[in-house]
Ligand SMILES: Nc1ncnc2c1ncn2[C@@H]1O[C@H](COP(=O)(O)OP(=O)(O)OP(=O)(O)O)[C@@H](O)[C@H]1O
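Below sits a lone chain in structure tokens, taken as the form predicted alone.
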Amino acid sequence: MPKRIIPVASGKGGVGKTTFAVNFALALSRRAPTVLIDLDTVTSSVRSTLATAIHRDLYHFHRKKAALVECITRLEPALDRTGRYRDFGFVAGPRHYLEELANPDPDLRRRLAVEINSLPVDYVVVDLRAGVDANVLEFLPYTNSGVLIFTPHLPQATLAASDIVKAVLFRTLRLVFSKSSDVFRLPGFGEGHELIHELLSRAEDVYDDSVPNLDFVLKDLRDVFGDQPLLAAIEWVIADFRVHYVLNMFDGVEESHESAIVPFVQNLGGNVSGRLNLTQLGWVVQDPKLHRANCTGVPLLLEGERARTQAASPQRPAIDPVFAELEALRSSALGIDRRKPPKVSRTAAAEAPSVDALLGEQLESLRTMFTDRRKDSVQENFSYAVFRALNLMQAPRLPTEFGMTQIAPPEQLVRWILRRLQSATAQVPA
């Protein structure tokens, strides 16, 4: 079973999602066995990005009933001459458009999820299609955003990425606080589900400005019920949600902040919540070599292998110099958010942070990272993003904070949340 399944998503196409997913998975495989799954099954971009013969893909999984593990393709020796990426594999989408894979039904999505959960590797990177629909949402975590990719050069994609966060978080809240949820059997949770769902519907509706976002949902509920455990639980679900993102085609701190981060954070703060935790995993600088690499089918990290003058043998892979440097510098100076997740308490009345405060945090983090990593090449950008991700997956952080340990059905989410709430509310004085 994988240690972590990491979906990569974008609100719109054309932001470099697949380029990031491929090179991120390659860099991650330097640390442990990693498989990349191409679930952007309309275009199968992964297939065209890797010039390797593919004998089985998702077509064989679906039509021929092959196990997913049997559909993993390994890199040909010509692409990985030193063997540094021998722990990388990928499952390609079908060669041509196939309706039932382009728009899989619930049964196929469930079968895919079950087999992804059982792959015998440490990490699975899932390249999702652009946009938000059931084929994207069902492969995203309930408690975080996965990795969102957007760019300063496509403003509409930035807003679309924030809409993914909104869709995931509202889905989670509706499942946890559904009318039949066992959450309402906890002491102090016995009422309010009808009002909660009415307020959630109004907050989700961008054409209804009576409840602008989830912070106003909390305020209205407090006005009705006062400070009770139910409100604190909703606040915890919101505040514990993590948003992770990467800026592609990065063009400088101030420029990227103003054209990408500002609209992203403003949309989240204004239309979702000011309580969200945002973490930037890094950036990928503009480099024409990335486009050329995609056209030739040789990802940039593999192109670097061809040019390597001091090749390591397959038995003794060379140490990634970026990882060696970052391991030596492991500290908060790397911009890693080390704040502990909030606990449930009777503080739902507390004001949410302002959008300006959220923007200030993101700008400070970006400047800190840029001070340390401003001279990095585009290849080193991917190593840095992996280093940040590995830090987020380490104890004592929650196992669901970055990516997910498995693609879980809704009932498992409710059971997990219920255990957390039971444990947390038991520590709250009456």
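Just so we're clear, the structure is a prediction, and the values are computed from it rather than from any experiment. Numbering starts at 1 and follows the sequence shown.
Heads up, the form predicted together with the ligand isn't pictured, but that's what we're talking about next.
The candidate spot formed by 412, 415 and 422 lies out of contact with the ligand in the predicted complex, as no residue has a heavy atom within 4.5 Å of it. Distance criterion of 4.5 Å from any heavy atom to the ligand in the predicted complex singles out 130 from the list 160, 140, 231, 130.
When you look in the predicted complex, the only residue of 110, 86, 81, 291 with a non-hydrogen atom within 4.5 Å of the ligand is 291. Taking non-hydrogen atoms only, residue 172 never approaches the ligand to within 4.5 angstroms in the predicted complex. Although the partner is absent here, residue 240 lies well away from the ligand in the predicted complex, with no heavy atom inside 4.5 Å. Although the partner is absent from this view, residue 15 contacts the ligand in the predicted complex, with a non-hydrogen atom inside 4.5 angstroms. For the chain shown alone, residue 280 is not a contact residue for the ligand in the predicted complex, no non-hydrogen atom being within 4.5 angstroms. Note that among 265-273, 243-251, 88-96, 67-75, the stretch whose heavy atoms approach the ligand to within 4.5 Å in the predicted complex is 243-251.
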